[in-house]
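Just one chain follows, in the form predicted on its own, and it is written as structure tokens.
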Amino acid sequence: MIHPTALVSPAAQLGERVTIGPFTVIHGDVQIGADTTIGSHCEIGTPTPRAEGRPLVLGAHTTIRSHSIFYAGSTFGDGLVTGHRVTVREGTRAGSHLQIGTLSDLQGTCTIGDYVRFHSNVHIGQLSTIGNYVWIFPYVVLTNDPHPPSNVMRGVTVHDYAAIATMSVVLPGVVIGRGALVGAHSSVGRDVAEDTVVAGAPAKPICPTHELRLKDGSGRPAYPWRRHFHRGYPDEVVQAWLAEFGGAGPEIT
């Protein structure tokens, strides 16, 4: 299960049925859960003083694809999945079933909930706090320095079920409310109320999210998205969402 060209420290703790690909390096301060697959040319548990002696902990059923780097000092729940060439710095605390797209960069010292989806080329600045079931689409940047370069850092907060569309920038200290939608190519410098659409540069409120309609000819509201989009989520979660909205009950008007 470990390729002969891989370098695995004898101090690393590997669960059952762990697969390590060619030319991958596993450092000593690493704990890897069972049924995990790590692709080729990865570096896992990269030492850094900023880890402050904390290990890198990867939950069970993790998949890390080739050329990815994870520093020591972070913890991930079960079911982590990455694309290729992902970088994750120390101090990241993530729940279960996180997805990190190809070429994404998590700068560490951040908190991430369960079932969060980062698409490709996403940048998560330090001190970011991201809730559960959040969607962050390609080329989104969460910043943290209000007047760069400086030693002042203010992280972005993104609450549950929010979605940030492609190529948007969220400025330091901004709070994105529960269920909010940030439109593509937006520059968000002010807090966003829950269940609200904002867009533009600078981003401005457009409408409540439930006023947006699915472009499938049905006329149904596109938001809250969990009312109609369930792919990749466990049945118990989907059933809770259906109960929240009364199953297939009347649509919001």
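Numbers for residues come from their place in the sequence shown, where the first is 1. None of these values were measured; they are calculated from a predicted model.
Just so it is clear, the following notes concern the form predicted together with a further copy of the same chain, a form of the same protein that is not shown.
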item	value
is_contact(H67, a further copy of the same chain) in the predicted bound form, heavy atom dist at most 4.5 Å	yes
4.5 Å heavy atom contact, R93 to a further copy of the same chain in the predicted bound form	no
Interface membership of D78, a further copy of the same chain in the predicted bound form, 4.5 Å heavy atom rule	no
Partner proximity in the predicted bound form: S120 to a further copy of the same chain, non-hydrogen atom cutoff 4.5 Å	yes
Location of a further copy of the same chain contact in the predicted bound form, chosen stretch of 52-60, 28-36, 209-217, 190-198 [non-hydrogen atom, 4.5 Å]	209-217
Of Q99, T157, T166, T109, the one that lies within 4.5 Å of a further copy of the same chain in the predicted bound form (heavy atoms)	T166
Partner contacts in the predicted bound form for 1-36 (non-hydrogen atom within 4.5 angstroms of a further copy of the same chain)	H3, T5, L7, P22, F23, T24, V25
